[in-house]
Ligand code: CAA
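Next up: a single chain in structure tokens, the form predicted on its own.
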């Protein structure tokens, strides 16, 4: 089977019911709000309650992708969940999702973990599965689901978030087709961000992690263009999408990208060079970051949140045009690839646009936010949790443990 048309057939996002405004967090921590809203580029961050976890978000994103794009669960032959906030050292998030979505018992199912790279690893693996012929006409469901939590009064506190992005991958995609000749990979063992088994929160070397990210972008890009067959360059891309732990990181990434294709460094002290960088960033990167700015860091799904933002805004005008996607996971692993927006993508804008759900979210006060964070710290050991205690009216929720087994319940709106 030719792999030239394999790509994303459906996209959907699901996230927590509540959020915290970054300006409110800044004032509570005695920080100038501009440090978060301009310095990081973040306006708010989604905050999960103890009843919302990687399983509930993954299931609801998966349900949305299947239902809104008219895909029968029996069409799914592979399910991969990428997450770095798993709920068990052994049992994968994916098997809970498999059951709750009602997928076939002959569906291959597993979880991928490589920090924020897990979902891209799942995406490329599912593409290989289809290209090999093993899919036998079936599709793959790849879900990125994470909760970025760093604790109260920590340096990472303003870069939190939560959410899940579900992607259906097929040989005849309606949204995005990847160029199999232009997929480059990069791996190097580094200690830029990690979370030992004994620690609830991660350890990070922030400045070093940014260096590793940028080095990985250069390495993966070089690998993508290692073969002579195919396009000679990617200078005509209409959009450049990056992994977004915080919005401002995209500016740093795009500067490195331009330096790569131009063959030399950009001097930001040189007015004309800085102006050219800003203009290119504002044209090919910034317009697709509004969802990231409102939802925050969702680890494995951050890149694909930008993809949803792009397609909901410009899929009609950019049909047939090429874009780049760069995924980075600390530790580290990365992929740089090219893809083409499909002419049919504009027909599915309403199906993938999460605006209505985001408009219904509840804004948290600082007291409510801090209480949620404290409650979440002990949620895994609670025998009983009531979703209504956290303002939840309907949806799938984690409701506690029984005999050390996690329990989930679908709650219907009263």
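Please read all numbers here as calculations on a predicted model, not as lab measurements. Residue numbers count along the first chain shown, from 1.
Although not depicted, the form predicted together with the named molecule is the subject of the following passage.
Interface residue remark: residue 156 is counted as part of the site for the named molecule in the predicted complex, having a heavy atom within 4.5 Å. Although the partner is absent here, residue 363 lies well away from the named molecule in the predicted complex, with no heavy atom inside 4.5 Å. Using a 4.5 angstroms threshold between heavy atoms, residue 350 stays clear of the named molecule in the predicted complex. Contact annotation for residue 204: at least one heavy atom lies within 4.5 Å of the named molecule in the predicted complex. In summary, among the residues 97, 116, 334, 141, the only one with a non-hydrogen atom within 4.5 Å of the named molecule in the predicted complex is 116.
40 is the sole member of 40, 379, 372, 346 with a non-hydrogen atom within 4.5 Å of the named molecule in the predicted complex. Contact with the named molecule in the predicted complex, judged as any non-hydrogen atom within 4.5 angstroms, is confined among 326-334, 179-187, 163-171, 256-264 to 326-334. Contact check for 15, 359 and 408: none of the three has a heavy atom within 4.5 Å of the named molecule in the predicted complex. Along 10-35, these residues reach a heavy atom to within 4.5 Å of the named molecule in the predicted complex: 32, 34, 35.
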